[in-house]
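Only one chain is included here, represented as structure tokens and corresponding to the form predicted alone.
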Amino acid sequence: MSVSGKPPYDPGNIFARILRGEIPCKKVSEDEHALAFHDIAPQAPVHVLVIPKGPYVSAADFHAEAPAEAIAGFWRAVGRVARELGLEEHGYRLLSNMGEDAGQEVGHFHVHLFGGRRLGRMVPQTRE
């Protein structure tokens, strides 16, 4: 099934199931706004996913529909996780995909937090 990044939200997606405790995760942090856990197929020495505790398909959906306190709480959780993982000194990357063309695989808004090594360019330069 392709992910458009737009509602409707599928409550059967894997991250919704993780939030409900139906599927285990390797938890890094959790509060009332967000859950952070290690990616099962890491692309860097540190690769953590941070997801909000609400039915949001993408960043666009989350920022349009979530209450202000949920948005602030989520982004504070992202920053706290990066700090607790010791990523601030050398830097880290945040990534969120929206829709199939961007590579969104799960229809629940999430941020990838990468670090632990030099990451290089995010998008290679192309010659035109």
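Sequential numbering from 1, following the sequence displayed. Given the structure is predicted, the values throughout are model-derived calculations rather than measurements.
Not pictured, yet referred to below: the form predicted together with ligand 5GP.
key: Which of 97-105, 75-83, 58-66, 28-36 lines the interface with ligand 5GP in the predicted complex (heavy atom within 4.5 Å)   = Stretch 97-105 is the one.
query = Taking 4.5 angstroms as the cut-off for heavy atoms, does Y9 touch ligand 5GP in the predicted complex?
reply = Judged by the heavy-atom cut-off of 4.5 Å, Y9 is well away from ligand 5GP in the predicted complex.
query = Heavy atom to heavy atom, is I14 within 4.5 Å of ligand 5GP in the predicted complex?
reply = I14: contacts ligand 5GP in the predicted complex.
message = Can you tell me if V46 lies within 4.5 angstroms of ligand 5GP in the predicted complex, counting non-hydrogen atoms only?
response = It does not: once ligand 5GP is placed as it appears in the predicted complex, V46 has no heavy atom within 4.5 Å of it.
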